[in-house]
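Read on for two forms of one protein chain; each stands alone as structure tokens, with the labels structure 1 and structure 2.
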Structure 1
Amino acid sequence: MASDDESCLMCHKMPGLGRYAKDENQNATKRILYVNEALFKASYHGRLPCKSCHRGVDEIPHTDAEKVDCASDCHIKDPSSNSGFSHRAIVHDLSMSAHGARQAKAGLEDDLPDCKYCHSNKPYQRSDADHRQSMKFLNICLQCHESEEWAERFYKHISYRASIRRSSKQIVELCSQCHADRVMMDNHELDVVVGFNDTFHGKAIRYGDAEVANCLNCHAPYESGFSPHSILSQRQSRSPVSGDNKIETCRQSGCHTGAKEEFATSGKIHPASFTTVQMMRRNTLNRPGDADPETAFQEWVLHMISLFYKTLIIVVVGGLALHQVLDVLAIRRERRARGG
């Protein structure tokens, strides 16, 4: 086991180490302060000293602890520039995006996701088959590089970023934690995303299609220079799902490459079902910019088609099913009359 230069584990290796703390609402929350050394060593940050992120903590008890700030300078060097490494650029991107805390209304900043909301410093994990594959590859690295531990970590660093770590299903679940929460979206004056599962994209993801677009493919397409950290509001003109940009997003390589401009003019891509829209119209769809008469007309036409079929089904199938029930009674009547 690697040496614990800072002696943090002297205490924090004890399972059961923890305390109850009061949060802003004076509710007691349990804080587990135990660190599983094996898990931590296997994680993305496993090579960093604790104090890289946990600043202060020179006194015991740690009354001088600072809040962890992912934008601070790490004590490791970025090999590409030889200067101190930091997540500052990405933290900056996030703060400028729709998810940046500065976008929130006063008092609602805590609703917005911070780094830890999506990134949990997971351990590197591989299936056995993947593991054997990587061991084969590592032999190539070890032809020149001496340290197996170093080579393995370097290899994982690259290969974990080369493959998609969250499945489409997990991404939809992650975004839905907030964007499907009606109360939270109302507070932020945003539309609740309830219609995505009804789209072909949503259905294909549900049935395990890995190729079809999830939230990030349209709201943060790498091809157009976006990343999950730089998602913009649909109302901003630079957004990949705003106005004229929409069709370019649909036409990304591997998607609707043959589509014409008209393809992206079909109103909302994942609308709420009509009844839901009616129920919510007061809250969410009456904002300036949303009261588009053309879209409203289109929605009305679609609703009318749907209503036509509902009526037809009820009248035709209902009427004839009634006929069948009466027919059973009539046949019984005839059989009785015949005495059979």
Structure 2
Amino acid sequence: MASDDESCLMCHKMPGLGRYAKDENQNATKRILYVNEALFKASYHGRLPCKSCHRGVDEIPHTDAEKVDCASDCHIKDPSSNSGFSHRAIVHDLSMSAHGARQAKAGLEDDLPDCKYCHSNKPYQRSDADHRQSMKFLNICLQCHESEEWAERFYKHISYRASIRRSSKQIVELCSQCHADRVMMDNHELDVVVGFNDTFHGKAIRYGDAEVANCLNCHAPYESGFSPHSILSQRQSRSPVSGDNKIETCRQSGCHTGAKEEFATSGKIHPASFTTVQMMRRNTLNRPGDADPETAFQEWVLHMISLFYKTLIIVVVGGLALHQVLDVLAIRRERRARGG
């Protein structure tokens, strides 16, 4: 017998359980339906019944199963209001954001990230130091709350929400999966972001600086009332990276607090370097006229610099090799002359 109340694991506990389905290109792919009970119970949603999220699974096989809707009411209560809990407000913010379906061009809705693109139902991760700290606070909690299981889970939830869940490097990598894709950005009439890793912020993140600003610090600053779910296009006046708002975003506490107006208006935020422009050049070789005039000029200048240094290297190294060959021939000629 399965240990879960709904007996879902009677089938889903079997490793390898899955079904084949065709994707948009009519290729058969297997969707894995196996659930690791231990990992699920330790995860964020481990206390929820399966049917809280999976609707239409009353019959076997689940032919009428509905797609999971994160805006639906859960079978748990919001402890602050004693009403049904839901992510509805967050889903609404996402729908109104730059990543929401309302902003997508017809036929390109699948390009937009959904909840699962950024969030996974992974177990709480704790280091040994975190565990010792949690036990210290749990002993305080248990002076009033009798259930140790409840207190531990509540503490893990609170400490997790108050901590940084993704490093700056992981955030940049996540955002770059779409925003560094030139084809996808062209489809949505957006600029491809290829120069961030060459900026001061990008290099500092690459070498492990945890304090430097990442994508979310500028595009979704909490101090300005934004969150990762409510990112706005820079074309919208309320966006923290739009027009006059840029300087206020740069002046956030801990950042460039004394910055003047020119700080946010001089130059590009994501300037293209030699490496990134060369990458853009390779992506547009078969697409003549696709690059904007400024990018085309940068490409030409960098191509000429590259050509100059390549020519210089060939001349210097080739001249050195020719000098050595001539020197060897001269020595041999002198030896023959002395021997004769």
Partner chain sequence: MQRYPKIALRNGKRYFFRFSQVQRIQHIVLFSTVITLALTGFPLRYYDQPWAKPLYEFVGGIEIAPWIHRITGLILLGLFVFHTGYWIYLFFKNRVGRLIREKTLSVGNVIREFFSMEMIPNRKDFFDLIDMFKYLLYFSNRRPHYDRMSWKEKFDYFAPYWGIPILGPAGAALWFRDEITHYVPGIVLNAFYIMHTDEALLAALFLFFVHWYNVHYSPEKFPMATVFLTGYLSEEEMIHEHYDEYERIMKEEGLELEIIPQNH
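Fair warning: this is a prediction, and the values are worked out from it, not measured in the lab. By rigid core we mean the largest C-alpha set that fits within 1.5 Å across both forms. Quick note, the numbers are simply positions in structure 1, starting from 1.
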property: Structure that is the form predicted in complex with the partner chain (1 or 2); result: 1
property: Did V328 shift 2 Å or more between structure 1 and structure 2, C-alpha, core superposed; result: yes
property: Core-aligned CA displacement of V316 at least 2 Å between structure 1 and structure 2; result: yes
